[in-house]
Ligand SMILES: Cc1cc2nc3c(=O)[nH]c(=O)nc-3n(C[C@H](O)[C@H](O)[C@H](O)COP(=O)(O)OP(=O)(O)OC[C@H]3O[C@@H](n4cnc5c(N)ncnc54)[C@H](O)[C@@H]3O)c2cc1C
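A single chain, nothing else alongside it, follows as structure tokens in the form predicted on its own.
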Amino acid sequence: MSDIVLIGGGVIGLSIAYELATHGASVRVLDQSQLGQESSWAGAGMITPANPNRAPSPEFRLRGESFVRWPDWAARLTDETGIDTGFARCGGIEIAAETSAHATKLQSEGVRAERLSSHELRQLEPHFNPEVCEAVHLPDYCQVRNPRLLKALLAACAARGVKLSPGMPVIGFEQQAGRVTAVRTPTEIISAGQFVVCSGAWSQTVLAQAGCQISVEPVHGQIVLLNMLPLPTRRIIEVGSRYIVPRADGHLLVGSTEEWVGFNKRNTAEAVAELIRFGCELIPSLKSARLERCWSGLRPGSPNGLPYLGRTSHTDNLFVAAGHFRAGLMLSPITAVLLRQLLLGEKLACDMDDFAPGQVV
């Protein structure tokens, strides 16, 4: 019997499993399909700068605590597995309606941010559309390659004895005296001391089987992959919910949509065309880039965009780590640390009350 069973094998579940295993826990990860192949694989790997010491809210504190852990987190995975996660401080450019106010706000939060004039922007990004008059430069913006990160997490978990069980959906919970004693799958009943639901967009459905109500719904996001060398930019470019993320090998990810269409993962001609239009309007030279492919994923959206982190209200040993929306990869290191501390009875790195199931509304 494992000490802890994690239900969900995306970046959140695998990160928690890795963190627990490094501290001596016996862990099993169950996933209804293939490990790490849903929204974790589909994302663009953007790691937004944040400062935990100047955070204006619990959400920004969470982001800051994760951001400062990312360099060591990525280095540990590479050292242990030999797999390069593609983690890099590439810098970023944000284009906002109120550039000066946006830069001032970021600076007040302890983030390095520089307002760029049209001339300064041209010097930094000569391939930008000249109609883009100003922007904010964030030199500490980072990125990671999602598939490589997941490959490293899987290897690190396996090396530390985590039992990985893909194709193992949970179809029920067995409970006694306010505790979960086991989960049921189509082929076996699995007992453990503690259980964590980290099933992404499917978390609401899984937890409902245990009588626990949270609100997480799938938010469909589509991405286009282009290829162009030399790269027209080496920085992440962000305009609201849209972005361009360049990879060192000449790939550029252009995303992303937000569509509330249930568990529908189709790419649509309209969305793909709109993303290509966005990319080419921002960087006109992308019109000659090669279109490689497109794909989509289902982000786990909560009502206010904040994740559920913590113990469920009606059971002593059932926990949740879900609803990270667009920030699952960004928040995976701190989520793993906090869940490890909570499950093993350790002092918490930061307060979790605002993310407790029943508090996120």
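Given the structure is predicted, the values throughout are model-derived calculations rather than measurements. In case it trips you up, residue 1 is the first one in the sequence shown, and so on.
Absent from the display: the form predicted in complex with this ligand. The rest refers to it.
Checked against this ligand in the predicted bound form, the candidates 128, 278, 202, 73 yield a single residue with a heavy atom inside 4.5 Å, and that residue is 202. Listed residues 53, 304, 57, 34 were compared with this ligand in the predicted bound form; 34 is the one with a heavy atom within 4.5 Å.
Using a 4.5 angstroms limit between non-hydrogen atoms, residue 250 is distant from this ligand in the predicted bound form. Though the partner is left out of this view, residue 40 does reach within 4.5 Å of this ligand in the predicted bound form, counting heavy atoms only. Although the partner is absent here, residue 17 is not a contact residue: none of its heavy atoms lies within 4.5 angstroms of this ligand in the predicted bound form. Residue contact check for residue 64: none of its heavy atoms lie within 4.5 Å of this ligand in the predicted bound form. Residues placing heavy atoms within 4.5 Å of this ligand in the predicted bound form fall in a single listed stretch, namely 220 to 228, out of 152 to 160, 73 to 81, 220 to 228, 88 to 96. Each of 10, 206 and 326 places at least one heavy atom within 4.5 Å of this ligand in the predicted bound form. Residues are counted as partner-facing when one of their heavy atoms sits within 4.5 Å of this ligand in the predicted bound form; in 46 to 64 only 46 qualifies.
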